[in-house]
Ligand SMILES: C[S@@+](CC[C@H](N)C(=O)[O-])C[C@H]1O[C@@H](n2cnc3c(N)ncnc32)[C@H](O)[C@@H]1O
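Next up is one chain by itself, shown in structure tokens, the form predicted on its own.
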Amino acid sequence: MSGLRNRLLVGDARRLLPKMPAASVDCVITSPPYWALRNYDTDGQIGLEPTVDDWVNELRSVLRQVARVLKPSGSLWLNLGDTYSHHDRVGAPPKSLVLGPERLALAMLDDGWTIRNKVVWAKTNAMPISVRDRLACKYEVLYFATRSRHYYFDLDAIRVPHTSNMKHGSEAAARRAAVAKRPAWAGPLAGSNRGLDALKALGLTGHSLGKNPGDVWTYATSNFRGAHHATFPIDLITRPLLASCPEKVCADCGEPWQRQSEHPLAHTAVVGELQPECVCGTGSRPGVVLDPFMGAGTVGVAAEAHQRDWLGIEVNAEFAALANKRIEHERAKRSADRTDSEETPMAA
């Protein structure tokens, strides 16, 4: 399976991932079957285990292989949803949340993952429910996890506009603010505001390229009208893809190329060209994102739209065919749009 790119493999991720070479992908973005919520009509499928802990153990086996195929600079984005218990024997009292995502996250820590964020996907059009003794659930989580302390992450690629104006200020004031004393109330794990204080002392609302988007993302559920019943929205994929899958990597050693932002503590920052961090001098190729539960192919669609390579695994042959058809359709649309743009004469 060495060298596979832009291909969807049909089969069980538990059997196909071990055949992939180690340290071969830059990023993994996936949404595995949630426990007891979907039937993909496949023998031995993940998601229909007798208990929620059995489901956690099956996903742990997949994520151990994900850890193996990820480059040291790589990261994982894992979209998960929860459900409610119907009997004590499944792992939680009846009517209780089974806390599947939390159980898996704790198991991941034991397996050597570092969980950098728990992103809340707030759904603007969540499905209504008729239950009257609890609140409707209108979110899912997206865990961002890594294997190394130092990894590829391009925050500048996903910054969002500030909501207030930026003004000029004093660089001397910025330096004074940057060395301000730590407040007396701060505990041992309290974060530092020195960077923000320095920006404010300059009269800046924040970084001139925009602000950190934070960990609450508000998106509608997918409007894809294919047969797959659990398609996540392409917007939910785009931020993780742009932040964690390099636009270019070294064609020899696979190290990500980096784009440096110059003068961030100024009224405007300058975004530099992509540059290799290594000394191989062998050119570049796109970074590759893997989805071991490919479903309707959303990760492949997003990857090609942003000039990344991809690799997918899907256990259901019908869904795999649907994903391939969808990816080919979007590819043809982009090609037609480029042709139309090239043929349209420039305005005088």
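For every residue, the number given is its place in the sequence shown, counted from 1. Computed from a prediction, not measured in an experiment: that's the story for all the values here.
Although it is not shown, the form predicted in complex with the ligand is what the next lines describe.
- Residues S31, P292 and E314 are all found to lie within 4.5 Å of the ligand in the predicted bound form, as judged by heavy atom distances.
- Note that among 280 to 288, 32 to 40, 302 to 310, 65 to 73, the stretch whose heavy atoms approach the ligand to within 4.5 Å in the predicted bound form is 32 to 40.
- Heavy atoms of F232 reach within 4.5 Å of the ligand in the predicted bound form, making it an interface residue.
- Residue contact check for P21: none of its heavy atoms lie within 4.5 Å of the ligand in the predicted bound form.
- Contact annotation: H329 falls outside 4.5 Å of the ligand in the predicted bound form, judged by heavy atom distances.
- In the predicted bound form, the ligand sits within 4.5 Å of a heavy atom of I46.
- Contacts to the ligand in the predicted bound form (heavy atom within 4.5 Å) from stretch 6 to 25: G11, D12, A13, R14.
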